[in-house]
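One chain is shown next in structure tokens, namely the form predicted on its own.
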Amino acid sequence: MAIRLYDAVPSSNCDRVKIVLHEKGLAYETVRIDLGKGEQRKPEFLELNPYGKVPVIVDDGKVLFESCIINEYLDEKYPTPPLMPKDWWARGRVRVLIDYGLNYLHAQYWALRGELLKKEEEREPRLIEDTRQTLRDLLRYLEAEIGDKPYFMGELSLADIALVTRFFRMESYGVLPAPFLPRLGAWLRRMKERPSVRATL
């Protein structure tokens, strides 16, 4: 039985799971959840995920939610190709990078997103540019972490997959490209070339 993915478009969280599914060549079917119509708050969906959020997967009748948790599950159950390093410390580093990129940057990212969702005449241009610059400064850590490696851990890992969908949003919000983040710019271009990523763009 194919994996069932409760999906929404656009959704960077859902895209994160779809990239892993494509990297592993796993068959899946999607159930589209219309967030604009509030389908994520219907009782039948809340039985699957009490958070009322996508993505959710059902695999062999078992339910999981939260994209990064889903992706670790998929990597452990379907280990080819592996998307987590074998070394215990390196596995911890993957989780640290994901936490930094998704959680530590979240407040500034969410503030910028909220401002850009306003009507143009209601936006505060200075606040937008200040928040963009704050995010660029926070990204210096990831610029240093990737160094000269093609991917954050050398080989493609769940860190790259977790971060890239957030980076797409930051690119569309004008945070990237930035002249002092050339390695992240090159990494983002490299990620866009992967078939799994192109399938979700």
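So that there is no doubt, residue numbering starts at 1 and follows the sequence shown. Here the structure is a predicted model, which is why all the values come from computation and not from measurement.
This protein has a second form, the form predicted in complex with a small molecule, left out of what is shown; the following refers to that one.
With the partner omitted here, the residue from Arg140, Lys149, Arg32, Arg41 that has a non-hydrogen atom within 4.5 angstroms of the small molecule in the predicted complex is Arg41. Contact with the small molecule in the predicted complex, judged as any non-hydrogen atom within 4.5 angstroms, is confined among 131 to 139, 32 to 40, 150 to 158, 172 to 180 to 32 to 40. Among residues of the shown chain, Ser67 is one whose heavy atoms approach the small molecule to within 4.5 Å in the predicted complex. At least one heavy atom of Arg16 is located within 4.5 Å of the small molecule in the predicted complex. Shown alone here, Val54 lies within 4.5 Å of the small molecule in the predicted complex, counting heavy atoms only.
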